[in-house]
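As a starting point, one isolated chain is supplied in structure tokens, in the form predicted on its own.
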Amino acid sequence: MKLKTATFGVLAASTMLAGAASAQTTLGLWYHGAGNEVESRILNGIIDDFNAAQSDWSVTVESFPQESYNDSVVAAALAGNLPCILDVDGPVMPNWAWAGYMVPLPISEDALAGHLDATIGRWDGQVYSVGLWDAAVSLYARQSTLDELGLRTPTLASPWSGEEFMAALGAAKASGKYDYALDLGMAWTGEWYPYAFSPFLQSFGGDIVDRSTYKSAEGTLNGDAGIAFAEWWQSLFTEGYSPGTSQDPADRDSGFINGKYAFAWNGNWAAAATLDAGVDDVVFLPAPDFGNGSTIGAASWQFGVSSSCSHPEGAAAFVEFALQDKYLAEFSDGIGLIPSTKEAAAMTERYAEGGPLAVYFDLSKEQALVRPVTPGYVVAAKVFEKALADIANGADPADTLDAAVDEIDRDIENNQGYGH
């Protein structure tokens, strides 16, 4: 009899657990990191923890290759087949929000307290997305190179001026020790151009579009500051400081490490590999100041809620759960990107205070500027990329920028100002 009673108790408990599990509402999540085993392992771990921690929601993930992810989302949106939770690249988010693919994220400001500003995606005065990390670019150099060339080591508080930067490139070129003074990563294409190079334009005093209205690029991209930037940009290639658009991709990956380049303009995602390759005296320097401050790009991948989601409160619960410092730190240790909070950074191997990459958290906090927050960015970015590539290949700077402005403004007009 006791055996029967015990058995009944086990069966009853099992039935109750099964009922709780079946009561969970499934929330689909789409992610851009297919093929990245480390990223997938960490994300799946967060999902498992979330699903086990409460009885209301069960998140399931489907991953896509990054190259096809955005197209997959757009196609699904047009077909009305979006999942509940979307992974979205920070500068793309305003376009998806404007197009109706996403809705505001119902998350408390308290949950976002202490996060790097660029990890919070805002559009039209509301939060639409939030990221577990950010990415930053810096100027790579060897301290031994700076010492040998007699160059001042710039700091966040005192970056190189534009004149100092060009003098450094000139000294490296004159030394005859390098194939090129500077690696800009010209072998990379796509989003690298506006992310990595528009900060130089902004430091000159221009921008891709006029951020005061977002209604035109006229006078902002092709004004005096824009033309000065474009002429400087072209000089980097015509005067032999940097390889152009035909750069060997292998040199982008290892040219600085192998000593082909004195300096490299690269992201924190490559910094750990540089250290691991034995470049023990590498220093990560702030962007030069061409007259209007030192600026770097910001805003990486973030989570938000699709307009197809019937339970945005469940999606928000998952996002808030994923923002725990321990998960931010785990992602940072796993894929090398900047944790969203100082507390998470302190838990990591390389971004903690005194760590070899700690400077990147401060660079992101102090110098980062998000790309233009407008639905039209997705078009303007491609126009900007083409213009810079053409100028690097010898096109007239002023004429090229004028043509770029015409194309950007035409797109804005065709879309009735994108709601601005």
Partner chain sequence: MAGKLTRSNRAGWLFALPGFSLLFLFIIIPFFFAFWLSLTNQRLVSPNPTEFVGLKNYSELLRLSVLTLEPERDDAGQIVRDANGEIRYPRVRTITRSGDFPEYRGMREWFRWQSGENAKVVVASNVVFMKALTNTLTFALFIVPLQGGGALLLALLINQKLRGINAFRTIYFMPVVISIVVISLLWRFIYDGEDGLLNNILAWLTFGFFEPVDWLGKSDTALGSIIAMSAWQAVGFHMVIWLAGLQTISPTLYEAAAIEGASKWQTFRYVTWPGLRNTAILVLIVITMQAFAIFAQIDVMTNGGPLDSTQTLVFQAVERGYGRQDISGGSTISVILFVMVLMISAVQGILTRERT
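Residue numbers count along the first chain shown, from 1. Treat the numbers as computed from the prediction; the structure is a model and nothing was measured.
Missing here is the form predicted together with the partner chain; even so, the following discussion is about that form.
(request) Please pick, from Ala395, Val373, Ala358, Leu369, the one residue with any non-hydrogen atom lying within 4.5 angstroms of the partner chain in the predicted complex. (result) Only one listed residue qualifies here, and that residue is Ala395.
(request) Could you spot which one of Asp325, Glu191, Asp179, Asp333 gets a heavy atom to within 4.5 Å of the partner chain in the predicted complex? (result) Selected residue: Asp179.
(request) Just one of 72-80, 290-298, 167-175, 108-116 has residues with a heavy atom within 4.5 Å of the partner chain in the predicted complex, so point it out. (result) Only one stretch passes the 4.5 Å heavy-atom test: 72-80.
(message) Does the partner chain, in the predicted complex, lie within 4.5 angstroms of each residue among Ser246, Val378 and Val383, using heavy atoms as the measure?
(response) Yes, all three are in contact.
(request) Indicate whether Trp232 is a 4.5 Å heavy atom neighbour of the partner chain in the predicted complex. (result) Flag for Trp232 set to no.
(request) Considering only heavy atoms, tell me if Trp98 and the partner chain come within 4.5 Å of each other in the predicted complex. (result) Yes, contact at 4.5 Å.
(message) Does any part of Glu148 reach within 4.5 Å of the partner chain in the predicted complex? Heavy atoms only, please.
(response) So Glu148 does not count as contacting the partner chain.
(message) I'd like to know whether Lys260 contacts the partner chain in the predicted complex, with contact meaning heavy atoms within 4.5 angstroms.
(response) It does: once the partner chain is placed as it appears in the predicted complex, Lys260 has a heavy atom within 4.5 Å of it.
(message) Need the contact residues for 406-420: heavy atom within 4.5 Å of the partner chain in the predicted complex, sequence order, or none if there are none.
(response) The stretch 406-420, when checked against the partner chain in the predicted complex, contributes Asp406, Glu407, Arg410, Asp411, Asn414, Asn415, Gln416, Tyr418 at the 4.5 Å heavy-atom cut-off.
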